[in-house]
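In the structure tokens that follow, the same protein chain appears in two forms, which are kept apart as structure 1 and structure 2.
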Structure 1
């Protein structure tokens, strides 16, 4: 059984960036750029109004009342062919191009009009309510670098720059294999000795939450030959193979044997973490294998701690590890002290500080506990109890 940090370092040391591919902008959300982006245009591409108002020459305004003749109007999308002359103004809409001769826009709410005459009270400053050509970005400027995570704002920016497709790091394909003769489908009745198959759905959701491509092989019975064939096929199809169950030392736990059969390089088979001690990690032809425990809480915990950072690194993300922060306990907690204990809690923020509340049983099959949680606190190895008011490191889950 190895230390948690050593196990995580081993996973990340054996994880590499995937290749890149062209992605249409409509499918690029939550992807990571694999190219540098420069601006193809000036933004804005012309001087334009930032308000609905009247375009005029600021030098013709004064501290008292200034009067102008309204000679027309310009809406967004039009480009004025004629400029304004001395003593003239035009009505202009937000986003419309500024006419020649105008250097300011006065808001509609701040003027008076009578037929074709405009009255302006007070001096108007040059450049008021105008967005200048290239004010935001100049043609040729660097906009985004490799490794940029594409949120909705970045997608919008790329569209404004004329990029309909971009190079992104490839999403990993995750193959999920669920083992266990005790498992029945979600629509089946629970009969003696059986439980419904929840791990398959939880693992698929965890992978999808990371924007990976997930394919499930369904439930494979506890048969060495059948598990072997499933794992072989999974390695042909996927970048990451994940199994749940069959990684302990029971008579029907075949995962380690199967990995030996195919010649995989087994890095570790047990980690000092609770829940989730019996976790196997191996590599095979530059692909990753995670053999997760069978209990639901253990499955989710080990995925979050080990698989999530690997997926993030593969896809070029910079936030590989979840941010930990100090959390003040509002309940007492106990631990055996034999390994790092991830205790699922509800974390609340009050006045800039974080507080953790107990949400019930921490049994490795207590999935309902996790549904009431939004984070974990980490009781380090060697600590057997902590009290309300103590401060531990914690983090949010599924981020």
Structure 2
């Protein structure tokens, strides 16, 4: 049984970037850039009007009233062939290119017009309502670096820079194998000794929530040969293989044997964490294997603690570890003290402080508890009891 931190370090030390692939911009939301993006143009690409109004030479305005002759109109998308001469102005739409000779735009709401005459009241400042060529970005400027997470704002920016397709880190393909002869399908009646298979659904959701591709092999019988074949196929097809069940000391716990059969490099089979002690981690040809326990709460907890950081690292994300912060307890909690104990709670923020209250049984079976929680507090190994008012580290889940 190894320390949690050592186990996590081992997982991350064995996890590398998956490589990259071209992704269409329309499908790049929430992906991570695998290339450096520079601008191919000045943005804005020309001096342009920020308002609907009239383009003029500011030097021709004064205190009091100045008059101009309106000689035309420029709509957005047009490029003015002729400049304006002394005493002239042109009507200009938001986003349209400024004509030669003009250096300011006065807003349409602030002027009077009569036929082709414009009356401006007061001095207009040079540059007023003008967006200068290159004021946002200059050609050749670095815009985004590798590792940038693509939100709607970055998607829009990439479009304006002319990138319809970009290199992103590849998403991992996760293969989920569920074991346990006690499992019946979700549509089946529960008969003697059986329970419904929930881990397959929870694991697929956990993977999808990280934007990974998930494929499930369904429930595989507690039979060494059958599990071996499934795991072999999974290593061929996936980047990450996840099993649930079969990792404890029972007579039908075949995962460790199967990993030996394949020749996988088993890194650990037991970690000082509760729930989830009998978690197994192995590598095989640069692919990762997580043998998660069978109990639903243990499955989700070990996925969050070990698989989530690995997936994030593989896909180039910078926020590999979810942030821990101090949490003030509102209830007493007990622990056995033999392992780091992840206690699922509800965390609320009030006035910049976080408070945690109990939401029920922490039995590793108690998935219902998890549905009432939004976070965990961590009672460190060696501590057997904590009281309301104590401060522990906590974090939000599914982040």
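Just so we're on the same page, rigid core means the largest C-alpha set that superposes within 1.5 Å between forms. What you see is a predicted model; the values in this text were computed from it and never measured. Residue numbers count along the first chain shown, from 1.
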task = Give me a 1 or a 2 for the form predicted alone.
result = 1
query = Quick one: core overlaid, is residue 234 moving 2 Å or more at the Cα between the two structures?
reply = no
inquiry  = Please state whether residue 320 has a C-alpha shift of 2 Å or more between the two structures, with the rigid core used for the fit.
reply    = no
inquiry  = So, superposing on the core, is the move of residue 147 at the CA at least 2 angstroms between the two structures?
reply    = no
inquiry  = Core-aligned, what does the C-alpha of residue 61 shift between the two structures, expressed in angstrom?
reply    = 5.5
